[in-house]
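In structure tokens, one chain follows: the form predicted on its own.
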Amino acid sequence: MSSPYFFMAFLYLLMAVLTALDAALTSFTLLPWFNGLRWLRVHFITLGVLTQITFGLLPGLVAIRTGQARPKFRWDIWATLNTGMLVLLIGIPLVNRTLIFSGGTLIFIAVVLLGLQLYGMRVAPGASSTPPTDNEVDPRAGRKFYLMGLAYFLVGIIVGTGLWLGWVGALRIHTPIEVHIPANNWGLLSMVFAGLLVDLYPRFSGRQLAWPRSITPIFWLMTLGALGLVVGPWIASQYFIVPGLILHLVATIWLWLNFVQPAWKERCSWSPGMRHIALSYFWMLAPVLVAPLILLGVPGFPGAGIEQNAPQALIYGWVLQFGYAIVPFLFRRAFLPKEPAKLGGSTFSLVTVNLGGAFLWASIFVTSYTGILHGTAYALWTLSALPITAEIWGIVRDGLARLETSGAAPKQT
């Protein structure tokens, strides 16, 4: 029973669309700028849509992969998470330290509870008596990615909350934002997305990953890469940042090739959802590829502009676009279980979401037209989300209608 999480994810998706529209209108100077909304735009997607999907999906998915009974819905985790998110999303624009601390603490507790639940879901006795073949992924592989991602999420929560509460000095963090963002992006999201691809790829593509035995080295490369990207800015040492970038880059490209290679010769028949996932990783790798230029202080390179705007392009181009494919797929499995589940997305959403990323990056370099390009990027992202929102709403509507029909009492004759 993951529907309560999925309903909340849908609500946060609506808010993400509205705040993207607000960003477009603000860039066009049609609306005034509001305090805290820059962070809320990101968190409606990360803490909102993706966190809800993660909490709703992972226990059931791990149970299926490890041969266990579907776990009972944990209302304590749901209530703790959503109360914390509501309090935090109120506290950020108000810059209210008490609300931010309370919300961050509740979310931290919810993550710990989910981690403990997943940690206790080991492979059931006898479920792994036959080891996986060379063409199969170990059923425990996805669970490792999820647990490591949640561990990085805890770090991101501590540092992110500390940004508002003055913990930076006590924790001896040299550049806290550069710690918070990698912990959540290269730690939590990268690891969870990798786990989802490992577990769900055969289900939505009908194929196996290209090199199933590569998943374990990918896990460790990604884990160590994220560690370097978190520790490096924490202690202001490029001896951690540079190796971390290299390891994470290698792991991500290796994972992407695992996804693309089996269907490369048939890419003309790829669905928009498959293209969404494949193209989303371009926007994830873009800031990684330009990071060395920022670290080296290349003259004339807009490092400050990239540091300010690249996270927005990362979230909308990578995270939201990945969600365009995966979220409708999960909604179909939850609300229309008797129908074949397929990835979400359309040609329109595919074109507009990627054009949005191109315009945002252009706004960084073409400074004389920053406002127009920036606003156009958010306008395109707003448009790209509309068909996805309509698709999800249609799935929910059809699922509820069928539930009502199946529950209706038969007519008396």
Ligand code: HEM
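Numbering starts at 1 and runs along the sequence shown. Not measured: the values here are computed from a predicted model.
Keep in mind that the form predicted together with protoporphyrin IX containing FE is missing from the display, and what follows is about it.
K.L.:
In the predicted complex, does L350 come within 4.5 Å of protoporphyrin IX containing FE, counting heavy atoms only?
P.N.:
Contact check for L350: no, nothing within 4.5 Å of protoporphyrin IX containing FE in the predicted complex.
K.L.:
Please check if T80 has a heavy atom lying within 4.5 Å of any heavy atom of protoporphyrin IX containing FE in the predicted complex.
P.N.:
Because no heavy atom of T80 falls inside 4.5 Å of protoporphyrin IX containing FE in the predicted complex, the answer is no.
K.L.:
Does F145 make contact with protoporphyrin IX containing FE in the predicted complex, using a 4.5 Å heavy atom cut-off?
P.N.:
No, no contact at 4.5 Å.
K.L.:
Report whether the minimum heavy atom distance between S205 and protoporphyrin IX containing FE in the predicted complex is within 4.5 Å.
P.N.:
Heavy-atom contact with protoporphyrin IX containing FE at 4.5 Å: absent for S205.
K.L.:
Would protoporphyrin IX containing FE be touched by all three of I157, W164 and P311 in the predicted complex, meaning a heavy atom each within 4.5 Å?
P.N.:
Yes, the whole trio is in contact, each within 4.5 Å by some heavy atom.
K.L.:
Using a 4.5 Å heavy atom cut-off, which residue among I326, I315, A194, V230 comes into contact with protoporphyrin IX containing FE in the predicted complex?
P.N.:
Answer to the contact question: I315.
K.L.:
Only one of L86, I177, L249, L171 has a non-hydrogen atom within 4.5 angstroms of protoporphyrin IX containing FE in the predicted complex; which is it?
P.N.:
It is I177.
K.L.:
Considering protoporphyrin IX containing FE in the predicted complex, find the one stretch among 56 to 64, 41 to 49, 362 to 370, 342 to 350 with heavy atoms no farther than 4.5 Å from it.
P.N.:
Of the options, only 41 to 49 has residues within 4.5 Å of the partner.
K.L.:
Scan 163 to 190 and note down the residues that get a heavy atom within 4.5 Å of protoporphyrin IX containing FE in the predicted complex; none is a fine answer too.
P.N.:
Result: L163, W164, I177, H180, I181, N184, N185, L188, L189.
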